[in-house]
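The chain below stands alone and is given in structure tokens; this is the form predicted on its own.
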């Protein structure tokens, strides 16, 4: 890997049982401090890609590297460098929000001061107010998502893998979370790989995007340059022209 690359995906393939070929030789890189977006239709391979990089799934062929460590050969070293937020993530519903944050923080440090800083930051990110003291089972989907984003970012991971980060959030909270994600990349140098169906979100957040279709990257670049190349007013139009075959 070159000095500026944090994630490198090389000829990645994933074949599920019954011959479902989810990834068919995927290749891309993500630079340090970059926000890279994977966009594509349902079933294109976005979530599979994130799961492999997060070491949740094993690739069938090819490999992915995080800061030079192979997800196949060095999964423990990869896990130390990433924080992963799945789209369908949950939390322990009988804990309060603050108890959940304390529980997660305890995996990362036994230093009380550092733990306090983490939890304070997570409380700020989640913006749940006094509801942080309520049991998670009483939270709405949006409140739970805010808590989960907070626990993912509070540890200041070198790499954050975010699958549909603002799923279930209203416009106000989604906008706020996007600003926080951008802040982590710009101010803390966090490298962010995210998947989203929200083209406005991707256009606002991402330095580069990869359009994935049927397990391969079929177009890649800065959102603005892709819009110029495809004579489109927004990224949604680019996506429709490339994937949908619009003229």
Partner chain sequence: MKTLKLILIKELRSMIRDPKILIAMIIVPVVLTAIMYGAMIGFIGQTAREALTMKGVAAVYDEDHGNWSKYIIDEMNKIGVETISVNSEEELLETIRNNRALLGGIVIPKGFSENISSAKPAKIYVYTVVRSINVLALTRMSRLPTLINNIGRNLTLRVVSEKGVSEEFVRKGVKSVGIAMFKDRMVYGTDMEALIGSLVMVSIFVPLIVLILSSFIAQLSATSIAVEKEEKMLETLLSLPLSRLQLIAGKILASVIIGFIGLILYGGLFAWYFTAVPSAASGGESGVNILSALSNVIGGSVLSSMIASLVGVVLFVLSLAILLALFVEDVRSAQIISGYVVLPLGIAIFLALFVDPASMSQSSRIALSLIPLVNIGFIVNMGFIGDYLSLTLIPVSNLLYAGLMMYIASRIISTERVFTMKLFRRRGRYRGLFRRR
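Residue numbers count along the first chain shown, from 1. In this text the structure is predicted, and so the values were computed from the model without any measurement.
Keep in mind that the form predicted in complex with its partner chain is not shown, yet the notes after this line are about it.
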{"property": "Exercise: residue 139 in contact with its partner chain in the predicted bound form, heavy atom 4.5 Å", "result": "no"}
{"property": "Touches its partner chain in the predicted bound form: residue 175 (any heavy atom, 4.5 Å)", "result": "no"}
{"property": "Any non-hydrogen atom of residue 54 within 4.5 angstroms of its partner chain in the predicted bound form", "result": "yes"}
{"property": "Partner contact for residue 135 in the predicted bound form: its partner chain, 4.5 angstroms, heavy atom", "result": "yes"}
{"property": "Option touching its partner chain, based on a heavy atom within 4.5 Å in the predicted bound form, out of 121, 74, 164, 99", "result": "99"}
{"property": "Residues of stretch 55-82 in contact with its partner chain in the predicted bound form (4.5 Å, non-hydrogen atom)", "result": "55, 56, 57, 58, 79, 80, 82"}
